[in-house]
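This document opens with one chain alone, in structure tokens, the form predicted alone.
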Amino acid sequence: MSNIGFIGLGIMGAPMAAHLIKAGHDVFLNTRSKIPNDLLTGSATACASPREVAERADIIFMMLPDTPDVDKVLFEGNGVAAGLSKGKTVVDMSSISPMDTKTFAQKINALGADYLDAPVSGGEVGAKAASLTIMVGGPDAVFERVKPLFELMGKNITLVGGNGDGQTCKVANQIIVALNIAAVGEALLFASKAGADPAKVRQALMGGFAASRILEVHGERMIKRTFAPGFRIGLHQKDLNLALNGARALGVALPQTAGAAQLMQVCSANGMQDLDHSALVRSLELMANHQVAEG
């Protein structure tokens, strides 16, 4: 068994850490708020700082909201970097800037430690079920060493390329997911406004070429009005901004991504940034003065 650190115990991080604890590893925990009581059992230990986690663990996982959070946890004050020694490994499973990730990796490598970026897709449901898709960037040998731990948290685990490539893959994932949510929202809104039963329309579409996981899961949420967060609009906004900033730097246009980002901005402007990203449909409903379904 390994000594493992896990920093960031929110909606996603807590169940991910729980799988590592359940597997019998010694897991050293740190988060900016209170550590959930159900994690402090068996082989889990609370740590006062990211530095302490790095000092006590050989492999340190992070699951944090945004690029500045990762920068702070790694390098400020009692950060991870202050507790690292040669041969240790940092694994960032947050969804952050690919370019900053490359810089973070270089700084960690300069301390004699290894670095993987390994963002995930699958939301809270995937985190709890240990069925996450994990997109990894970093050296082959380091990936192979950490892979057995990834397999405790996810199913579809792919080494995409070098450091930063995992984050680039996650940004691409978030583009696809956002555009699909917008498409499902528009389709169900159109059907409902036209007088058709959106639930039956969704059922019919699930048997055709338009079928998708987004139509299945998020379409149902739009109809049942169940917008409790699995993945918050505010976080998806952040990911789309990463895409648009990257596109600007690369000199490419992402017009549909920009449109989806604006729809999410409408939601945030109306106080809905903490709802599930399926609530993007609310921005369309506001413009149409019509709800897909009552709720």
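Bear in mind the structure is a predicted one, so any value in this text is a computation, not a measurement. Don't overthink the numbering: it's just position in the shown sequence, from 1.
There is also a form predicted together with a small molecule; it is not shown, and the following applies to it.
For a residue to qualify, one of its non-hydrogen atoms must sit within 4.5 Å of the small molecule in the predicted bound form; all three of G10, S95 and R232 qualify.
The listed set P139, G123, G164, G83 contains one residue whose heavy atoms approach the small molecule in the predicted bound form to within 4.5 Å, identified as G123.
Between the small molecule and the residues L64, L240, V27, L263, the one pair within 4.5 Å by heavy atoms in the predicted bound form involves L64.
A residue is said to contact a partner when one of its heavy atoms sits within 4.5 Å of a partner heavy atom; E52 fails this definition for the small molecule in the predicted bound form, lying far away. Proximity of T31 to the small molecule in the predicted bound form: non-hydrogen atoms within 4.5 Å are present. Contact between V73 and the small molecule in the predicted bound form is found at the 4.5 Å heavy atom cutoff. Per the 4.5 Å heavy atom criterion, the small molecule in the predicted bound form is contacted by stretch 65-73, the sole one of 251-259, 65-73, 264-272, 38-46.
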